[in-house]
Ligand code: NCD
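As a starting point, one isolated chain is supplied in structure tokens, in the form predicted on its own.
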Amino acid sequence: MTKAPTPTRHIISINDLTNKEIETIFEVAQGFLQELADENVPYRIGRSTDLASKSILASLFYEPSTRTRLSFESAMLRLGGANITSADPAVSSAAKGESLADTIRVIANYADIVVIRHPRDGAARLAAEYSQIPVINGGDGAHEHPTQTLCDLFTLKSKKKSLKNMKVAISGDLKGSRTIHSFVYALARFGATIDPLPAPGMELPAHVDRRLREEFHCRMVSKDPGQLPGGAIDALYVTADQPHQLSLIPDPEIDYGFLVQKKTDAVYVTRFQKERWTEKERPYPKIDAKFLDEAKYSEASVMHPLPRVNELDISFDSDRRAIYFQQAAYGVPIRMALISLMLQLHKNKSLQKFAGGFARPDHPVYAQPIDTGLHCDNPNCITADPAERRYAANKFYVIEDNSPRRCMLRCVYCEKDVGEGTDAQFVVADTTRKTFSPGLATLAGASADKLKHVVIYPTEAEALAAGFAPREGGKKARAS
């Protein structure tokens, strides 16, 4: 009997990795540092191994990059492997109009693993769907940057043994920064408290905030003792220990006063992501020695994913709390660990278990028939790209929230909640009965088989135009 092939493992989101797998990556990275570190700079890889001598990494970059691309390529060379690269779309077949789906299917014949950076949200997920070799997301639009988060967590752990109960302030463009989105999910999963310090109008996107509260069980806790947690604007995200508890109800076992007053363990600074905004100049906070002189930051490590522009004063570089260049150096051992684990290069059988495809989705997936009903409404989603629309199915996770019989849809590619912030009135049509029902509540608890016989329309008018009738007992039927 022929053995079924092992599913290809891809890392598109930080949530494609379990906490245990992240700890495994850190263990392997630390092993590389112990074995191969520069004698004079302990956080820098200074020597090489031949572990990946028979492997090739392809770096496919549709956006500018220095640290991510070079650290991946350095990681592969330090492992004894080889690199091929396409770092300028202007001189690649993308300039001729070739789709990402076709490009990745071709590149998969030339290499053993690929890292991709792309300006479209969800592009890495699409690439993974068409790739027969492992795909690593090196940053896709404003969606996520999971390997940067691995570097960030590893850096934090180098300063403190446990992430749990760590208090991390995040400053700047929290809306446009894909790095921040991966980072806050990971912080929540490991039990850290998140202190958002957004630039004006650059707060965390609504869907990221919702996931922190409803899926990662964070509570919003006011920094103002006079405010109730539920009404706080200036607030912390505190990770719950009991996931069944509602996110805005205080946990009597958590000392919120302590968490509000607790000194900050790390300040994470980000630049204005001008490539994500139509306005190229906006008011933006600057982190300098004066800002960091506040008592609550006296022992805070200062981090930055780089590049920086003007948001972090260079005079701070010599401060003992500045660790952003060490943070950048950790990109090599972390990516060495990730590449070696995904390619199963280790003889240790416990480490070989790392491979094996995506974890089973927590939510059922609804696949929308082509050219019918709704689409992802994120204009930067890969599904909105005319060259990719033929390859990217309209697929959505069916999310059931804490309210009974209430559902919403989340794009599988960019992970934005569809209809967010609009008055969209979805209807669910049953293709076997040719009827429809208002709202998404009928999807609650739906099986994969049931979802195959469903078409979702943004409005009743579109369902009627497609030949569906209101289900008996529905709004229109009651009116008659």
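The model shown is predicted, which means the values in this text are computed figures rather than measured ones. Numbers for residues come from their place in the sequence shown, where the first is 1.
Not on display, but discussed next: the form predicted together with the ligand.
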Counting non-hydrogen atoms within 4.5 angstroms of the ligand in the predicted bound form, say which of Arg125, Arg117, Arg78, Arg410 makes the cut.
-> Arg117
Only one of Arg271, Lys157, Arg189, Arg213 comes within 4.5 Å of the ligand in the predicted bound form by heavy atoms, so just point that one out.
-> Arg271
Any idea which of 99-107, 160-168, 178-186, 312-320 reaches within 4.5 Å of the ligand in the predicted bound form, heavy atoms considered?
-> 178-186
Answer yes if any heavy atom of Leu197 is within 4.5 Å of a heavy atom of the ligand in the predicted bound form; otherwise answer no.
-> no
Any non-hydrogen atom of Leu306 within 4.5 angstroms of the ligand in the predicted bound form | yes
Just to confirm, Thr68 within 4.5 Å of the ligand in the predicted bound form by heavy atoms?
-> yes
Hey, in the predicted bound form, does His145 get a heavy atom within 4.5 angstroms of the ligand?
-> yes
